[in-house]
Structures are given as C-alpha cells and as structure tokens.
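Next up: just one chain, as structure tokens, the form predicted on its own.
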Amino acid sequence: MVDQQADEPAQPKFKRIVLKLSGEALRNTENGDPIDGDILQTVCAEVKKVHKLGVQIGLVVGGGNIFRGQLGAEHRNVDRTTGDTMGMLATTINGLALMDCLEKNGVPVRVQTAIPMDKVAEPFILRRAVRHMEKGRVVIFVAGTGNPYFSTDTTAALRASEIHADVIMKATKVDGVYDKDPMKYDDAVKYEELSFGEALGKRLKIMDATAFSLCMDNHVNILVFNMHEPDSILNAVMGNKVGTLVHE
C-alpha cells in the first residue's frame, strides 16, 4: 500500500511569527542610500515565499539606516528622548517602504503604529492586528513601543508576546549566535541552540536586556539567522537548521 503522506508537502514549523529586521539591512553600504531598492525587493520576495505557505507574519523593522536615537544623543547633540522619537519615525518610513514593496508583490499588508498618525497608518490595536493576520495580511509594526528608551528588539519582544507568536525571527548579518564576534575572531564558535539560562550565563548579547527578559518571561523563543542567505526566512519557518535557536 502506498504511503500517501509521503507525497504531502512539508508544513511550516511555525504558524505565527514576528520577523525582526534591522533598518541597517536596507542600506546600500556602497553609496550610502538609506533604502536600497534592490535590497528592499529581495527582502520582500523572501517574505512573500513565507506568506504563500499561510504563515501569519508580524514584521518589526528598525530605523538605524535613517536615524538611531542613542547615537543621535551621543554624536549629534540631540536629546535622547527627542532622538528616540526621531528613530521611531524612521521605523515608520522603513515600514511604509516595506508595505509598498510587498503590495507590489501581491502581498496584502497593514501598517500599525504605536504613535498616532492616522493619515499614515492604523493605530496599534491588538485584536485588529491578530484579525489581520488571521485574514492573511502581513502586519508591519512601526514607531517602536511609542516610548523613548526602548529598542525595536523590545518592540519585537512585546508584539510577539501580545499576539502569542511562536517565535521571533531575528534577521541579522551573521548566521547565528557565537561565543564571540565572528567578524573579529576566526576561532569564534557558533551555537546551534541555547537555553535562555545558558545565554544569560555566557553573557551573550542576543537582544538588549529588556527585550531578552520579555522573551524569557513570556516563553517566546528567538531564532537568530543571516537574512542575506537565499531562502533563509523560508528555511527558518520550515524548521530547517538555520541560525541559532534560543529557547526555554
């Protein structure tokens, strides 16, 4: 008797995710353009592949390619609170760019903002966000938490906790978590997986302390992987060996 299950397509490991993208990842490092069209298209094509599988996607993007609040306070004589507000507005610019590109690729999108700006995006309303995802829309969360002194890592941890996401997928420029900076040390060792306790004990900087604590307290796993590898987001969603998984 033929095993019919052998012909069934593989199912995603995760049904609802929060994808955390760095704003810097959208920058063209050669000419300094804060949002590179080709990079934007590549990222959105990767997100579309995951969306086609029926995975519910919340997306959080940073604003460091345009303005980073803490650096503004340190180097540009801008008050930290003002700088962080500028950074939150920068995430909104990035979110709108992602929205436009995804829609042009046939992916339905809603942008929700933590700072009221009704001419630009919906206000963040938890139940509405969940309903959008249940209807197959990607929801892009912008303007951080709406408060200064909180990073977009914390935004990702907060939104993932609120919507009961299966995992935060933190897309970075390295392929996981190492015992030391792999960009500086050739003998850096990569971890395939870690518990929250091990990450704390080894003092590994996976997220800032507030974000990491939120994930640990609310049982939200974190997957750190290299977003520049082809099909990296798709492989991560399917449960293939990608990056480093930080779990309970």
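None of the values given here were measured: they were computed from a predicted structure. Counting begins at 1, following the sequence as shown.
Not on display, but discussed next: the form predicted in complex with uridine-5'-diphosphate (UDP).
For the candidate spot formed by Gln41, Asp175 and Met227, no residue has a non-hydrogen atom within 4.5 angstroms of uridine-5'-diphosphate (UDP) in the predicted bound form. Only one of the listed residues (Val111, Leu102, Met88, Val167) places a non-hydrogen atom within 4.5 angstroms of uridine-5'-diphosphate (UDP) in the predicted bound form, and that residue is Met88. Remark: of stretches 143 to 151, 102 to 110, 117 to 125, 130 to 138, the one touching uridine-5'-diphosphate (UDP) in the predicted bound form is 143 to 151 (heavy atom within 4.5 Å). For Gly95, no non-hydrogen atom is located within 4.5 Å of uridine-5'-diphosphate (UDP) in the predicted bound form, even though that partner is not displayed. Looking at Gly58, you'd find every heavy atom of it more than 4.5 angstroms from uridine-5'-diphosphate (UDP) in the predicted bound form. uridine-5'-diphosphate (UDP) in the predicted bound form is not approached by Ser232, whose heavy atoms all lie more than 4.5 angstroms from it. Taking a 4.5 Å heavy atom cutoff to uridine-5'-diphosphate (UDP) in the predicted bound form, the contacting residues in 34 to 63 are Gly62, Gly63.
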